[in-house]
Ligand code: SAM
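Have a look below at one chain only, the form predicted on its own, in structure tokens format.
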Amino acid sequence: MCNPINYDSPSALRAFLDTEGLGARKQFGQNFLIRRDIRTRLIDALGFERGDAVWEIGPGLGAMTALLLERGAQVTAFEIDQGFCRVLRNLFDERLTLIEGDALSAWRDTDAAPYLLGNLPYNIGARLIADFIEQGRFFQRMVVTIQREVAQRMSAHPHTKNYSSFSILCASAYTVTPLMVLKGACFYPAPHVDSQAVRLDLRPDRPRYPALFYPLIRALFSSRRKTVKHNLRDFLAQRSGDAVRLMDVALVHCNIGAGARAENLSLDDFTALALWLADAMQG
């Protein structure tokens, strides 16, 4: 069927939503990207080939979906809004595999794909990416649009204010490349904060992390004003009756000073500490 939606016009989008009895719902973080040039650049950044499988998170009314399908992607889209799902089915019929429901849970029962594209709702973006990584669902490449503050955390380096456990989480699996910053005027309705597009390329050299790696990262960043030594002692106290000795030996072995804080440590530091602790606690 001919697509009746002008994705570049706020007034046309508003009229279509009114006709369909729909609306952009704040609780779902629904903001439509109304710049075709930016949509095209995001598709270009994803870099898939015709016939490749692509997951799309939050397709909305299908502006990005249409471009993906035009380029021959095999698209599986996750959409929580029932009204939008009705529109998507009418627009794209059997060309689109549509998963109706919350992507935070629905992805677990869905066949994997090498590529992911998403204009991620602000309220779930970081959590969704973290879930993918911690549960071992990896993509060859992801291109996501997310709140700029979250994007800055994703690509932050040690000794900077945005460096966090989420920075380490992303760097543990992906090379993170910030793309364009998107002002509120790029969307309808216009959000009150800036967004940013980010590309994540899967690291071929990522090591096999022990099970305690991600819990350890969160624990060491849990109280940023406290030292690694203090937070590590609390972390080990829940797992070992020999916490103090383990802590002291681990810090010396990994060359981590007693006064160091989590924001001073690199990914390599966290990896070395987790690997040493995993071996020591198994023994």
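Please read these numbers as outputs of a predicted model, since none were measured by experiment. When you see a residue number, it is the position in the sequence shown, counting from 1.
Below: the form predicted together with the named molecule, not depicted.
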Thinking of the named molecule in the model of the complex, which stretch from 80-88, 133-141, 108-116, 209-217 has heavy atoms inside 4.5 Å of it?
80-88
Contact residue in the model of the complex, from 150, 98, 179, 124 (heavy atom within 4.5 Å of the named molecule):
124
Does residue 33 reach the named molecule in the model of the complex, with heavy atoms at most 4.5 Å apart?
yes
Heavy atom to heavy atom, is residue 73 within 4.5 Å of the named molecule in the model of the complex?
no
Under a 4.5 Å heavy atom criterion, is residue 228 part of the interface with the named molecule in the model of the complex?
no
Does any heavy atom of residue 64 come within 4.5 Å of a heavy atom of the named molecule in the model of the complex?
yes
